[in-house]
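Only one chain is given next, in structure tokens, and it is the form predicted alone.
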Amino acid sequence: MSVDSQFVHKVWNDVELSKMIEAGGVPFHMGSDGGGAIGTVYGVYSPAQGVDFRGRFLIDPDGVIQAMEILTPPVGRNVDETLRQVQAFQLVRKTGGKEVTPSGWTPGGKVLNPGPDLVANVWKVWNPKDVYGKK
């Protein structure tokens, strides 16, 4: 969603995105926030510049914001990280919080089972080197 009109979104999709994405463009509707009303609610609209800053909000089925990221225009977003986080939130929701995802978790990766036994013992069951490969 941006303050751009639906026509600007169409041109951006047809002229730019369709050349970068195999499916011929984005597979979802791009919303227009022409007056900045939605951006204002989420705290990303700049009335002085007339733009919404780059914000990403992951909202669960109950309407609760589970994650957010706001970037200034010169810094691009990471779609893979967004998808990873969506998958992590879906897993946690599916297990009712009986499984949680540590830093850098990816689907199929090790999960943690929260509880008193895990306190001060995460290091016994999970190590960031397993995910990040750093020594």
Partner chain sequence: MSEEKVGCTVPAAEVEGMGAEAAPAEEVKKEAVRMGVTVGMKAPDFTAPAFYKGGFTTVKLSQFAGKWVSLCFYPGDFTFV
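As the structure is a computational prediction, the values presented were derived from the model and not from experiment. Numbering follows the first chain given and starts at 1. If you superpose the two forms and keep the largest set of C-alpha atoms that fall within 1.5 Å, you have the rigid core.
What follows is about the form predicted in complex with its partner chain, which we do not show.
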#### Entry: Partner proximity in the predicted bound form: residue 61 to its partner chain, non-hydrogen atom cutoff 4.5 Å
yes
### Query
Could you tell me if residue 38 has a non-hydrogen atom within 4.5 Å of its partner chain in the predicted bound form?
yes
### Query
With a 4.5 Å heavy atom cut-off, would you call residue 84 a contact of its partner chain in the predicted bound form?
no
#### Entry: 4.5 angstroms heavy atom contact with its partner chain in the predicted bound form for residue 108
no
#### Entry: Any residue of 30 to 62 that, in the predicted bound form, places a heavy atom within 4.5 Å of its partner chain
30, 31, 32, 33, 37, 38, 39, 40, 41, 42, 43, 44, 47, 51, 52, 53, 54, 55, 56, 57, 58, 59, 60, 61, 62
### Task
Using a superposition on the rigid core, decide whether the Cα position of residue 24 changes by 2 angstroms or more between the shown form and the other one.
yes
#### Entry: Exceeds or equals 2 Å, Cα of residue 117 between the shown form and the other one, core fit
no
